[in-house]
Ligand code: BGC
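Just the one chain here, laid out as structure tokens, in the form predicted on its own.
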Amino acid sequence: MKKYLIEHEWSIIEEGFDPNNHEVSESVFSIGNGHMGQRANFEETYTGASLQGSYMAGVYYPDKTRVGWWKNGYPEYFAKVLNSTNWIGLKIVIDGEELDLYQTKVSEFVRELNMKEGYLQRTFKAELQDGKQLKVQATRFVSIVDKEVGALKYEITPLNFNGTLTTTSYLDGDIKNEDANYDEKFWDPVNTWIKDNRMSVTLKTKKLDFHFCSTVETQIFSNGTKLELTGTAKEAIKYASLVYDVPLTEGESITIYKYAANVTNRDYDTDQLETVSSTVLDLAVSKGFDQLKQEQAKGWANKWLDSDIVIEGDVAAQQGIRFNIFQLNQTYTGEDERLNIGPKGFTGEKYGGSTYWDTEAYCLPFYLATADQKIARNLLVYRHNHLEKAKENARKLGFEKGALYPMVTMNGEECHNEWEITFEEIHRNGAIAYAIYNYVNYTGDKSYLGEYGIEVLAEISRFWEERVNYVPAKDVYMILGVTGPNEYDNNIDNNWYTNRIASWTLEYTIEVLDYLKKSDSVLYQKWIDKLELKDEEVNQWKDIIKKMYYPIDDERNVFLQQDNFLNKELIPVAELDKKHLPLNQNWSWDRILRSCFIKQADVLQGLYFLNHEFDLDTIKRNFDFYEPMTVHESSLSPCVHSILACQLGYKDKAYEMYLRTARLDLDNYNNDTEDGCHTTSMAGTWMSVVQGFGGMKIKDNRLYLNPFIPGEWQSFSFKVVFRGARLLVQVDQEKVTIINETTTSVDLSVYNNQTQLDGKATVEIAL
């Protein structure tokens, strides 16, 4: 862990330039708007280590799978969100010498991500080899208001010389993904044109026929006056540029503006892309940089109105939670039901940018409580739309019925090719089922069950029905050969979490069938007929529920992570020399698999999901047993531990785990942020505050709150939207204040004291 970023309530700030931190900063300072995103690459040339990244949501490529030994059932490709045309590029040459921050002497370097208003700004001074000094200020954003628009402002001021600036403004589509399996470039050229101060590059993918058009206009001002310049046009394959020569006068600023319109044929007819891109650009240019930036600030103010969390007295904690919320809002807006949430968002290429079970397990709660109900519903509809592909995935693995949702996907088809995950990490099916329960429990929208939910639940249940293994000698059902959420144990038998979430899915499916039968017999019969669901099959599910085997240690009275877990040498992480950590960067896989160490919550994941089924003593025994052996080398681990620690009253552990999840990328805990930020785990940070320190739960159509405040904080507050009401919950060291900001009353329980909070009403309760 290396801390180098300045702590600030509303900004991420880097002071001083260290090339060793640059790739981490490129991830942390990324910007996005749900439609597109951009890593914090420099506009000017940088020849040091860098991951150039510009990404368009939903545009992907089926990169050919690369494995050492092919196994039946392997996907033939790994879907990857594509690195697309670099629209921010500027080549800056001063009297023949190129500005390159890897080669040039740099001072007074400050990089700031302003999260309150949604822009990235960078200032520095540079001294060239011949002693010329200049000051640069660069500001850019992608619009949260006009989703296809990006804009940048690059200001250069010569400090001790007169001379000539030769600047090349370019669009570079001749790029590739750093994670391309065979070093292949995924884009083919379609068209390039340059006219006046505009240029455009249109590309298409070599497979799947995605088309992407980026059109840019460049403007140059001197001391606030627009220069009427004609640039020298240069074209190449997948590349366009305009070169301008501008006189420099000591102390006077030259400002370069670039406005970009980025559109794809996901949203428009392919033959209309260039026309649409130009029209979008016309609007952006007519507004100008300052108006676009003002609209950006207002757009982000609206985002923060519903989702902000305020922490007083702990700047590190405040910065951490706002950074996580900011990245979530940059990554997914919910406006497009075809999209989902990739583990790296728009910040990098690791994991291919695809959809994992992270969305259902960790992200859904954030959108349930901070956005319109339809946003969370769209996440569920996304999975329903992929149900047929999930059935195909099951058939590919040899199952005759049921659906197996993919571990990694872009279109519903499995595209992950590590056998211990692709074939064995089947607990992901349970997360899809749990998301349906979570959504209905939170919103009360039971119409979803009859419209979409029961079909998904029934097909997942059919998968579990076939996947279990009946053992006649013991009269039990087991699930063999799996990998649980803890990926530091592979190909194990009877992972407690997998067995429990499978059985629970069957239970919930039967519960939903019973509900539909009682509430709408016609709709119930429609589904029975469509699914060809017989009583015999439902009875089989009931038998599995009754006879599911769960590994338990009777001596400790804890659920065992899997069969034979106690055969391992049980060592707490605290006894490991820190030189071994992180294990995945220092130990062989063989050594990891033989150890007791846990990558992420496994048994505890089940105790979090199904919290209502277990008493506090059961949670405590299992937490006390497993947490000391957990290395938290999955970004998804600390949040679950923080929430359970809050429930158990382990205040110090809860705070420790909160800081770890909140500042995972800011402090680069796992030494891997250069690959991109851990976007989906950021929702876990929100959960740590709202469900952990806020103690929020939903039971029997009532909102429960059980807040406590860490000693390091003076106060904290958060907002939740629940059943049409928006509540502001404020907690300080003495009391809890809950303000209903809407006219909708809400059933509420605080410290198990039930009340109805009327519209516009306020209630105060002693802490």
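It should be emphasised that the depicted structure is a prediction, and the values quoted were computed from it without experimental measurement. Residue numbers run from 1 along the displayed sequence.
The next section is about a form of this same protein that is not shown, the form predicted in complex with the named molecule.
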### Selected contact from Y434, Y239, W357, Y154, since only one has a non-hydrogen atom within 4.5 angstroms of the named molecule in the model of the complex
W357
### Query
Taking the named molecule in the model of the complex as the reference, which of R500, R377, K599, R322 has a non-hydrogen atom within 4.5 Å?
K599
### Query
Any chance Y60, D179 and T409 all have a heavy atom within 4.5 Å of the named molecule in the model of the complex?
no
### Query
Looking at 123 to 131, 634 to 642, 313 to 321, 269 to 277, which lies within 4.5 angstroms of the named molecule in the model of the complex, counting heavy atoms?
634 to 642
### Message
When the contact criterion is heavy atoms within 4.5 Å, does D146 count as touching the named molecule in the model of the complex?
### Response
no
### Message
Given that the named molecule is not shown alongside this chain, does T661 nevertheless sit within 4.5 Å of it in the model of the complex, heavy atom to heavy atom?
### Response
no
### Exercise: P343 in contact with the named molecule in the model of the complex, heavy atom 4.5 Å
yes
### Query
Is there a non-hydrogen atom of Y351 within 4.5 angstroms of a non-hydrogen atom of the named molecule in the model of the complex?
yes
### Residues from 650 to 686 in contact with the named molecule (non-hydrogen atom within 4.5 Å) in the model of the complex
T680
